[in-house]
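Just the one chain here, the form predicted on its own, laid out as structure tokens.
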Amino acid sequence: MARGRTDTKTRLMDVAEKLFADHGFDGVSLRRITTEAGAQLAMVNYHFGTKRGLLEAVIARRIEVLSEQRVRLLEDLEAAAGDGPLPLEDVVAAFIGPYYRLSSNGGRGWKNYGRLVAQGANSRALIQHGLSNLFDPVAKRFIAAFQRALPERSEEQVVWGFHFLMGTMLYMFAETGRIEKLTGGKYRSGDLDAMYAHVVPFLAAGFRACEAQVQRQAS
């Protein structure tokens, strides 16, 4: 019996994640979700309480996996660096690498998640507020790591850089087909390896360029 409940819960989250990503939180009814999941409406109430609770569960299961992997990679970097500085590109890779690997190996679900967060105001608000206990500690750890990798940058510069990094990461995985449209098919939307190879040095360069831009504006 417990297994049946678990399977139903997972099915509901899988279907909800796809529908929320495709149509937005307000554009999907619970009835549609339960119909496509082959579940009764009462099961949503049992497992999640409300539609908002279902969205929270969808986001939380992704954040938890990413958080665990990101922290583990960062701890490995810190152990290897000892008292020395952290390599900037490696800190960038530790943050976006788990998302890349899961998108590459885990299939559509992670792309759905990227679209859901990038496009849905409700899901963004949940990350900022309702799920802050899951994401904020990891974000703060990485902001500290970026400050350690860039000791000459101010806290403000690093925080803005991290904010832009998050936006770039979510967009590039949510809109994997955009590069193909922009280039008339010259570059393939499904080439996540090429995307990852380009985005790590791009984001690291963005952090480094911030100081130079500020200095030019001040002079």
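From 1 onward, residues are counted along the sequence shown. These numbers were taken from a predicted model, which means no experiment stands behind them.
Keep in mind the form predicted in complex with the DNA is missing from the figure; the text below concerns it.
Contact flag, V28 vs the DNA in the predicted bound form, heavy atom cut 4.5 Å: Close contact exists here: in the predicted bound form, V28 approaches the DNA to within 4.5 Å, heavy atoms only.
Find out whether any non-hydrogen atom of M43 is located within 4.5 angstroms of the DNA in the predicted bound form, and reply yes or no. Flag for M43 set to yes.
So in the predicted bound form, does K51 come within 4.5 Å of the DNA, heavy atom to heavy atom? K51: contacts the DNA in the predicted bound form.
Can any non-hydrogen atom of H47 be found within 4.5 angstroms of the DNA in the predicted bound form? Output for H47 is yes: heavy atoms within 4.5 Å of the DNA.
Using a 4.5 Å heavy atom cut-off, indicate which stretch of 163-171, 178-186, 34-42, 150-158 touches the DNA in the predicted bound form. Going through the listed ranges, the match is 34-42.
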